[in-house]
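Just one chain is shown here, as structure tokens, and it is the form predicted alone.
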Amino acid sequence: MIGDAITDGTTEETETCCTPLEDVDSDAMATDLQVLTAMGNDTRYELLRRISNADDGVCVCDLEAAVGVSQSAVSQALSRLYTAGLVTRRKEGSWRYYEPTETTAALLETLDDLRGSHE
């Protein structure tokens, strides 16, 4: 700021304390928010943890029983996780199996590290 008063009534030229901030990459921010929003629901987060703890994919019917919500609610939650790139899905006959992506593994590991525990 220019013109800051000094106790004797004179002024002294000083530098601005604030510097302009860099722009935020709006595409990256939108992608990050999609991932965080997908994880920001109790059911979706629990599904993500359960899928991540499984060895070879998890069937929708197993997830429905584990989280205690309807098959429709599980399917909607899984669709949101899939759209956010947090799970993959494969179809075997009439069943769909879900597995975590590498992104999910990294995010959950980071959360575990922040919390100070590993599952």
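When you see a residue number, it is the position in the sequence shown, counting from 1. Computed from a prediction, not measured in an experiment: that's the story for all the values here.
Omitted from view is the form predicted together with the DNA, to which the following refers.
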(message) Between Ala66, Leu33, Ala54, Cys59, only one gets a heavy atom within 4.5 angstroms of the DNA in the predicted complex; which residue is that?
(response) Cys59
(request) Indicate whether the DNA has at least one heavy atom within 4.5 Å of a heavy atom of Ser26 in the predicted complex. (result) no
(message) Against the DNA in the predicted complex, would Thr43 count as a contact residue? Criterion: heavy atoms within 4.5 Å.
(response) yes
(message) in the predicted complex, does Gln71 come within 4.5 Å of the DNA, counting heavy atoms only?
(response) yes
(request) Report whether the minimum heavy atom distance between Arg49 and the DNA in the predicted complex is within 4.5 Å. (result) no
(message) Pick out the residues of 91-107 whose heavy atoms come within 4.5 Å of the DNA in the predicted complex.
(response) Lys91, Gly93, Ser94, Trp95, Arg96, Tyr98
